[in-house]
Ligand code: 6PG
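Just the one chain here, laid out as structure tokens, in the form predicted alone.
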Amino acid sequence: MTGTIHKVSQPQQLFEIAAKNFCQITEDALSRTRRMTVALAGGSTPKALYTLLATDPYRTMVDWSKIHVFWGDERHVPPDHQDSNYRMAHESLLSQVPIVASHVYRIQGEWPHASEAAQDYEDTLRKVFSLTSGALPCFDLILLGMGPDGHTASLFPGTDVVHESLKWVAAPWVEKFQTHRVTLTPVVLNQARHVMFMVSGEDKAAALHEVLEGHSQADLYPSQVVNPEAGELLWLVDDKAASLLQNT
């Protein structure tokens, strides 16, 4: 596992660093292409980042009209469901900043068949990124969290999607929750210019140790498959999550 590990003592420091990185990556992207593409994550740690980004000074440091928002994964639920990653991001961030509604591309989690929602989202990526045949979408930033079991996005231990090499978006069955999820695959995750993991809490310590310092076991710890081919990988971790790491 390669990448930069930045350890902080308190979760709030993690959110501050993540917010500053978000603003800097946005500035760089706008200077290069006049738009910024980001895939958001679900979970409590990313939610704290979104809440921070929606407050000053960060809220005014970003030209929200030029940001295009996607999601790394979504639950198989409607957008107003309490488990919806879209709903969480909308309530904590998107409804609080002057973002352009047509620049928000949510996964259609309410569709009866998750596989169709996955195909629709892949078609959306192809359209928004204006890709020719054979080209892959390159996000300016993909935000990721990590679960206590080492999963990220909706790449869960024991799911075939961990090894997906063709599809950009998939709809794996997650036995743990008895439901399908819709998720970006490693094909897309590893094309990003920047990938930023945010990991907080003692319950993540064992998995984080295995992901960063253990043997290669992507079937057990799917976060290990995230390793951008040409982009930058940053792990923002607090002391509790990093308590078992030996090389930081």
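As the structure is a prediction and not an experimental result, all values here were calculated from the model. We number the residues from 1 along the sequence you see.
Same protein, other form: the form predicted together with ligand 6PG, not shown, and the subject of what follows.
By the criterion of a heavy atom within 4.5 Å, residue 43 is counted among the residues contacting ligand 6PG in the model of the complex. Contact check for residue 73: a non-hydrogen atom falls within 4.5 Å of ligand 6PG in the model of the complex.
For residue 145, a non-hydrogen atom is located within 4.5 Å of ligand 6PG in the model of the complex, even though that partner is not displayed.
In the model of the complex, ligand 6PG sits beyond 4.5 Å of every heavy atom of residue 194.
Heavy atoms within 4.5 Å of ligand 6PG in the model of the complex are found in one stretch of 134-142, 149-157, 166-174, 95-103, which is 149-157. For the three marked residues, 68, 90 and 185, no heavy atom of any sits within 4.5 Å of ligand 6PG in the model of the complex. Of all the residues from 84-110, the single one having a non-hydrogen atom no more than 4.5 Å from ligand 6PG in the model of the complex is 85.
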